[in-house]
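The chain that follows stands alone, in the form predicted alone, written as structure tokens.
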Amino acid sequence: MIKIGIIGSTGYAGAVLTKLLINHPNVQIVFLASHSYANNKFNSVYGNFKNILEASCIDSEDAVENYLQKIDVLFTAMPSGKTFSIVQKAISKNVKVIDLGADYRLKSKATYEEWYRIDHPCSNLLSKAVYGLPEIAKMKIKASNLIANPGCYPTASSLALIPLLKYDLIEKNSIIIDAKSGVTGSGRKASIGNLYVECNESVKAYGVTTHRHTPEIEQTLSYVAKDNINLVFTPHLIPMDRGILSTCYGSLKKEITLNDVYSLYKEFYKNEPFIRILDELPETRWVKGSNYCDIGIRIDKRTNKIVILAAIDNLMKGAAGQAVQNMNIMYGLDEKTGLEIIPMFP
């Protein structure tokens, strides 16, 4: 059994991760940690765990540190800038780390500090961390002891665009991403903007030209394209609980049929169990509660533009589900283990 601990277990992503790992056949949960709900039973925070999980949450870095010698993998689901000390301690004790936050996603310390406005004292770990997008990094993930789990917007957007750049189908400076997320994407913290009255019956853009996921998407696509990618990324908040729809635009470099593009996508993702290439356009309701990423494609011949749409559940393939997928790969398990969940509808 893989013995694990979760820090930040009572956030939305942490709670979904806990749910997945309770049902994982190869996992034993050793501890759950929460700063906000220390010494409270986990099922008093999330009533859906009643009579299923009786554990109480522990708190403080010292308490967590005392448990490190008892686990194989530490999952961290914490706000940016909060993981540095505990991750260093875990790595020093040969504990594998899967970080669901942003502290190890960017390879450049300067870029991280520019976009997150936080000093990064663990720049030595940035070069060692593997960006955990399984569809392009399986071998690196398997060999790593520190996984930077991708963000939700970058997961959907990157998976949509990677084949276009891999096959050199679009102008590299032409990419525009228009993405929309449910309210859980902002986390569980109290925020006026996330109150029901504030976001219901409304759609709003936020982080326009400044969203922190921009350099993460650019970094991934630059790696695939073997060239610097600069793009326009605009996220929007949608009044629904969960889900992301990323609509990505690019200018085609040459004439190509829609059938040919579909063939290329199906070939590129043919061995990826959680990528579904659809003839129809994807919808968030058909991936809700699952680890799937649905991708649809259209070509506008009039403007010579290609449009790629990708839908994911931001708490699953965009967070906890992908984290479990990465753990499975690290331990040589079938990457679908614990994740063969049919999307829930209605």
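Just so we're clear, the structure is a prediction, and the values are computed from it rather than from any experiment. Residue positions are given as counts along the sequence shown, with the first one as 1.
Form predicted together with a further copy of the same chain: not shown, discussed below.
For a further copy of the same chain in the predicted bound form, the listed stretch (116 to 124, 102 to 110, 214 to 222, 132 to 140) containing residues with heavy atoms inside 4.5 Å is 214 to 222.
Of the heavy atoms in V307, some are within 4.5 Å of a further copy of the same chain in the predicted bound form. Within this chain, G318 is remote from the site of a further copy of the same chain in the predicted bound form, having no heavy atom within 4.5 Å. a further copy of the same chain in the predicted bound form comes within 4.5 Å of a heavy atom belonging to M240. In the predicted bound form, a further copy of the same chain sits within 4.5 Å of a heavy atom belonging to W286.
For the candidate spot formed by N145, Y167 and G332, no residue has a non-hydrogen atom within 4.5 angstroms of a further copy of the same chain in the predicted bound form.
Site annotation in the predicted bound form: the residue of E198, D260, E267, D227 reaching within 4.5 Å of a further copy of the same chain with a heavy atom is E198.
Only one of the listed residues (A38, A55, A63, L278) places a non-hydrogen atom within 4.5 angstroms of a further copy of the same chain in the predicted bound form, and that residue is L278. Along 243 to 257, a non-hydrogen atom within 4.5 Å of a further copy of the same chain in the predicted bound form is carried by L245, T247, Y249, in order along the sequence.
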